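Below you'll find only one chain, the form predicted alone, shown as structure tokens.
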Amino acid sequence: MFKTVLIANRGEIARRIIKTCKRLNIRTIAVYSEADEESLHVREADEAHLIGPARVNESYLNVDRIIEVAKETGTDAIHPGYGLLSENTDFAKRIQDEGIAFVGPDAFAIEKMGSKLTARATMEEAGVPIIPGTNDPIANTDEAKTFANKTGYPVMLKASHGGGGIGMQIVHDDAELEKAFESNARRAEQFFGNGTMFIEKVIEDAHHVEIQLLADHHGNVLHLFDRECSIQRRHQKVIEEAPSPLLTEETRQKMADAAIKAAKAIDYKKCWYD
């Protein structure tokens, strides 16, 4: 069991991890920006360390400073939570190179799935169904409009390295697309350190249903059924219901099989003690 875990995240995400660690008698290290000095996760951790100014790319995305704090505090493992650095391949590799455990998938799996563009290509090659869209980055608004007009509006503009609804926007015509492209690319660069954009066709009146997975180091992958996540605000889930009341058993099984195939295609496993 780990003795000390550093949480490379903030707010409620960090608080949940701190709560669980306390139940397991694991010492917790919080990191915070100048804007979060009075946040609850800072108060509730066993230790808290300032890592930079309010801007995310100068604090919660500051890999050098986070690792510096980890070394100073004798951290055994770093938990990235979700968002921020949780899907950053270089961060996972760097932690492992420093001899610190990364609480999450290994760098190989993150590299395959951390970028939505790479994930699309990987899943397509594995035979997992994907939404029609671009498998290459969209460099500018002209390229975006060319694809959108060929596919037909509405389309979803997406940040390749985005998460939490950041960098996503449905657009219905060229004027909306031109306005949305630069602003979403800037937000993705600010929040995730990468402003690469791509486009997918919008599936209207769709439902967001997720499959839960468990995997080990021996190649075993299990699904834990599904959850309905369609009640959202700004592309962020508000309420989740398990199981989804909308799926037939046939559809549920097809989705579970596809999820397991996806996990095996990237050799997904938890990297606790690697």
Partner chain sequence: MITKNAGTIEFLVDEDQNFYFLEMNTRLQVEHPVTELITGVDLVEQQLKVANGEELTLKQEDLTIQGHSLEARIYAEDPKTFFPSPGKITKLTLPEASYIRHDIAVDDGYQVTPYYDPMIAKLIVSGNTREEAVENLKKALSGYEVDGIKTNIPLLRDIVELQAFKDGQTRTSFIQEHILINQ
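Under this definition, the rigid core comprises the largest set of C-alpha atoms superposing within 1.5 Å between the forms. Numbering follows the first chain given and starts at 1. Small disclaimer: the values here were computed from a predicted structure and weren't measured.
Although it is not shown, the form predicted in complex with the partner chain is what the next lines describe.
*Asks:* Could you confirm whether residue 139 comes within 4.5 Å of the partner chain in the predicted bound form, counting heavy atoms only?
*Replies:* Residue 139: no, not in contact with the partner chain in the predicted bound form.
*Asks:* Does at least one non-hydrogen atom of residue 99 fall within 4.5 angstroms of the partner chain in the predicted bound form?
*Replies:* No, residue 99 stays farther than 4.5 Å from the partner chain in the predicted bound form.
*Asks:* Answer with yes or no whether residue 155 is in contact with the partner chain in the predicted bound form, where contact means some heavy atom within 4.5 Å.
*Replies:* No, no contact at 4.5 Å.
*Asks:* Residue 193: heavy atom within 4.5 Å of the partner chain in the predicted bound form?
*Replies:* Answer no; every heavy atom of residue 193 is more than 4.5 Å from the partner chain in the predicted bound form.
*Asks:* Judged by heavy atom distances of 4.5 Å or less, which residues of 1 to 17 approach the partner chain in the predicted bound form?
*Replies:* Contacts from 1 to 17: 1, 2, 5, 10, 11, 12, 13, 15, 16, 17.
*Asks:* Could you tell me whether the Cα atom of residue 96 shifts by at least 2 Å between the shown form and the other one after core superposition?
*Replies:* Comparing the forms between the shown form and the other one, which are aligned on their rigid core, residue 96 does shift its C-alpha by 2 Å or more.
*Asks:* State yes or no: after fitting on the rigid core, is the Cα displacement of residue 36 between the shown form and the other one at least 2 Å?
*Replies:* Yes.
*Asks:* If the two forms are fitted on the core, does residue 57 show a Cα displacement reaching 2 angstroms between the shown form and the other one?
*Replies:* Yes, the C-alpha moves 2 Å or more.
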